[in-house]
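First, one chain by itself: the form predicted on its own, in structure tokens.
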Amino acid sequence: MIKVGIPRGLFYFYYYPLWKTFFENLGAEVVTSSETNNKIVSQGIDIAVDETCFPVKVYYGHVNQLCNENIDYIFIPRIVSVELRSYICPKFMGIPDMIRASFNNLPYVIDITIDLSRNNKELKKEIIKVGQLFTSNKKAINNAYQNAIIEQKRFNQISKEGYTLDEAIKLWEGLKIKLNTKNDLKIGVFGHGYSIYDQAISMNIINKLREMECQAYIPEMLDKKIIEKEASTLPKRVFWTIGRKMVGGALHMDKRTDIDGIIYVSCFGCGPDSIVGEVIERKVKNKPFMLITVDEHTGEAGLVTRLEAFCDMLRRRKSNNESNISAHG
């Protein structure tokens, strides 16, 4: 059976069900790299150039692991846009070329171009082109893609129920996950999905908050119309898809009375984060806000201390009925 490798990084968290279903419907076996660990991080840092952001370095580590898995293809899409009039960070356009330039033992790279900024005509052609690597039957390729879309929608529905995208993938695959429902604080947690839902990159921040009896409100739980409405209040449209989601989601939660605080997780070296994080920090006026920047450091003590201090402050503010006092002092 033909084996297709999918690195467990970057847009894996958003679209794994789609591509896994597509390739399996074409008769391929899908192989993923393991969850991010210190070895993957370390190898990614060694291989990637210094100028790339942390999640991209981790992605290199995942690709490196798959290169030793005896696979026939490795799926590294060239993502330009995933919706009309919006774009993804430019690094996603160059990922296939960056990977090719850094590895000597790569299997054949499936580098389908995904650009929905104007329409989906070109994507349909790309889907057929990729499908023909497995079969010459165009009807079978189209059916495989339609089934993939159905599974992606099922996954999206799961992610709206309060699960992280990583957890939603496990639920989609049939695993069981039970969330801790004991909590007295509700905290909005924002950041790129490939950062906050990768437990190694984010240092497991969402589960740490849950252990501190906080409920993490993530952007996937919000309706897209609400996000777009709030994001449209900015003087200039945010053209990054995920950046706009973060800004709109944070502004919405800033107005909600049931949300106690907001945290934004930024990755060192991320260009969009340097702008989006700053915009959110300036625009959030009604809730205590904390910006956390993560990088290759593995020490978690500093993060735990900051989370504990933030939660203590929120509980004190709540118990003393200080919600009428400005969160900015």
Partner chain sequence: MKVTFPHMGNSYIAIKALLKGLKLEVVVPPPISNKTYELGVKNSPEFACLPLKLNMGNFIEALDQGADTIVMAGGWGPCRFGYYAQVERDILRDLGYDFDIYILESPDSKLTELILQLKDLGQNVSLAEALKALRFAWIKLKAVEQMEKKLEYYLPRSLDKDKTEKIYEKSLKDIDDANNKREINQILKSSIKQIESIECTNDKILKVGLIGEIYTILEPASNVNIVKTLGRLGVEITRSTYLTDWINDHILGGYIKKSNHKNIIKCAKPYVNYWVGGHGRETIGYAVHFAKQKYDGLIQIGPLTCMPEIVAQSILGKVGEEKEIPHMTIYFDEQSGSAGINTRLEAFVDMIQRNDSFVLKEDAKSEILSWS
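Keep in mind the model is a prediction, meaning the values are calculated, not measured. Residue numbers count along the first chain shown, from 1.
As for the form predicted together with the partner chain, it is not shown, yet the points below apply to it.
K.L.:
What is the one choice in I128, A101, I150, M221 with a heavy atom within 4.5 Å of the partner chain in the predicted complex?
P.N.:
It is A101.
K.L.:
Is every one of I2, T21 and P107 within 4.5 Å of the partner chain in the predicted complex, counting heavy atoms?
P.N.:
Result no, not one residue of the spot touches the partner chain.
K.L.:
Given that the partner is absent here, state which listed stretch (176-184, 110-118, 67-75, 213-221) has heavy atoms within 4.5 Å of the partner chain in the predicted complex.
P.N.:
Going through the listed ranges, the match is 110-118.
K.L.:
Do D97 and the partner chain share at least one heavy atom pair within 4.5 Å in the predicted complex?
P.N.:
D97: contacts the partner chain in the predicted complex.
K.L.:
Heavy atoms within 4.5 Å of the partner chain in the predicted complex: does L234 have any?
P.N.:
L234: contacts the partner chain in the predicted complex.
K.L.:
How about V279 - does it come within 4.5 Å of the partner chain in the predicted complex, if we only consider non-hydrogen atoms?
P.N.:
Yes.
K.L.:
Although the partner chain is absent from this view, report whether P272 comes within 4.5 Å of it in the predicted complex, heavy atoms only.
P.N.:
Because a heavy atom of P272 falls inside 4.5 Å of the partner chain in the predicted complex, the answer is yes.
K.L.:
What are the residues of 36-59, in order along the chain, with a heavy atom within 4.5 Å of the partner chain in the predicted complex?
P.N.:
Sequence-ordered list: V49, E51, T52.
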